[in-house]
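This document starts with one chain, in the form predicted on its own, laid out as structure tokens.
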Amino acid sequence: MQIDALPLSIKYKIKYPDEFIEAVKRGEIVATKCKNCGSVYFPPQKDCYNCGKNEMEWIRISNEGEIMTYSIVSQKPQGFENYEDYIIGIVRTKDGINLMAWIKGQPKVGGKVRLTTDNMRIIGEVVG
């Protein structure tokens, strides 16, 4: 039995704060830190989920990290169909913050990366 189906398309916008977008365009990676309890959030948050306060400050995240895990994406999601296969990884920065990055180079778990941006996304360049 075969069932015909129509392709579904879902579009949504993720609204990141302007400060975050501007930092990425400058090649910087930033997070927010609660002035009250010191909790750090990446992606940035307006309010602290730990203490409930909304007094946050912007901090710059270390551009050095270690690959915790990675995946080679060959079955691409909608909007990325025209990309060559790419690698997405979870990187733990020297600050202890876990973030997702596009990995450039030959990844390995525990490998060192230098974090930068390409004006749109975070890039982890393998350095060792």
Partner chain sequence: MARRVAVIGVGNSKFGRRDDVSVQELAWESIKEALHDSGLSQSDIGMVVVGSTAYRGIELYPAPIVAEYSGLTGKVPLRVEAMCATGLAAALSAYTAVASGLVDIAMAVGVDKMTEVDTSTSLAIGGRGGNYQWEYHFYGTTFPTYYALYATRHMAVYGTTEEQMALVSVKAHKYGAMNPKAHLQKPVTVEEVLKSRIISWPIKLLDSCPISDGSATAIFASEEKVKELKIDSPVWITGIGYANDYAYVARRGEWVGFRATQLAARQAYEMAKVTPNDIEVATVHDAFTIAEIMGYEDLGFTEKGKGGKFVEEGQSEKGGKVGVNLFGGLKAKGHPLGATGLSMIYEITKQLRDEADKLQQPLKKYIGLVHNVGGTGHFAYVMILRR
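So that the term is clear: the rigid core is the largest set of C-alpha atoms that superpose within 1.5 Å between two forms. Quick caveat, the model's predicted, so the values are computed rather than measured. Numbering follows the first chain given and starts at 1.
Although not depicted, the form predicted together with the partner chain is the subject of the following passage.
For G52, no non-hydrogen atom is located within 4.5 Å of the partner chain in the model of the complex, even though that partner is not displayed. Among residues of the shown chain, S74 is one whose heavy atoms approach the partner chain to within 4.5 Å in the model of the complex. At the 4.5 Å threshold, heavy atoms of T69 reach the partner chain in the model of the complex. In the model of the complex, the partner chain sits beyond 4.5 Å of every heavy atom of G27.
Residues of 102-125 that come within 4.5 Å of the partner chain in the model of the complex, judged by any heavy atom, are W102, V109, M120, R121, I122 in sequence order. The Cα position of N119 differs by less than 2 Å between this form and the one not shown after fitting on the rigid core. Relative to the superposed core, S9 shifts its CA atom by 2 Å or more between this form and the one not shown.
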